[in-house]
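To begin, one chain is listed below as structure tokens, in the form predicted on its own.
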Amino acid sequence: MESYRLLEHTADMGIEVHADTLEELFAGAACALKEMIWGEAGGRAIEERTVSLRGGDYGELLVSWLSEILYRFEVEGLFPVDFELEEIKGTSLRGRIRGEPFDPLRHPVEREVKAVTYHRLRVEPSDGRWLARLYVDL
């Protein structure tokens, strides 16, 4: 089970996630990013996008995963509702983003995220669980 919190920063905002598995950690980070952008706005998981990514390490994979969610919103207009990580192994990730077409009346944007950054990025084991911390550029 994962838990997360949003971190205030001078001009940006951060995410800190704790989870039992890497898959839960990445799903929790996605939920935190969604809350950061849209607050409590909800939707239906009527569309699905399959995601396959590669990275040099878990930190790079996490930045790529969250950047992919932003890309799917900005380019395809997908409002994300649900995140499923099938497998995170070594330097690759396979997952799914489920959601519905973005509707600004039903999904008002509270914060615009320009990019997911590598600033103070951490993805590491911590007390028998996993910890991730990263910041986004607002």
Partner chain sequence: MTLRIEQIDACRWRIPKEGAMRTEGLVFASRQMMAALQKEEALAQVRNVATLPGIVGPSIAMPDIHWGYGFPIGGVAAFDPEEGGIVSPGGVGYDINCGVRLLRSALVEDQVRPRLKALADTLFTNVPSGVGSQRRDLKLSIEEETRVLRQGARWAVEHGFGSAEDLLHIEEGGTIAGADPELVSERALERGRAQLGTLGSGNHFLEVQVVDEIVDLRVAEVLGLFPGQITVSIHTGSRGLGYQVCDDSLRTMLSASRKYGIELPDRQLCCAPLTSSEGRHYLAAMACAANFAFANRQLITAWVRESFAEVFALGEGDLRLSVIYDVCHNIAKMETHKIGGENRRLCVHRKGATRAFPPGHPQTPELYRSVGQPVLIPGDMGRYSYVLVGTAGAFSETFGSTCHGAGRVMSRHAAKKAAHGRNIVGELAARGILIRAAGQATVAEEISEAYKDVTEVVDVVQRAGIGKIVARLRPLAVIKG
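Residue numbers count along the first chain shown, from 1. For clarity, every value in this text was computed on a predicted model and none was experimentally measured.
One more form of this protein exists, namely the form predicted in complex with its partner chain; it is left out here, but the text below deals with it.
The candidate spot formed by E68, V75 and A115 is fully in contact with its partner chain in the predicted bound form: every one of the three has a heavy atom within 4.5 Å.
Within 4.5 Å of any heavy atom of its partner chain in the predicted bound form lies no heavy atom of P101. The closest heavy atom approach of S126 to its partner chain in the predicted bound form falls outside 4.5 Å. Within this chain, A41 is remote from the site of its partner chain in the predicted bound form, having no heavy atom within 4.5 Å. Remark: L22 does not count among the residues lining its partner chain in the predicted bound form, judged by a heavy atom distance of 4.5 Å or less.
Stretch-level contact analysis of 106 to 114, 78 to 86, 25 to 33, 91 to 99 against its partner chain in the predicted bound form, using heavy atoms and a 4.5 Å limit, identifies 106 to 114. Heavy atoms closer than or equal to 4.5 Å to its partner chain in the predicted bound form belong, across 1 to 24, to the residues E8, H9, T10, A11, D12, ordered by sequence position.
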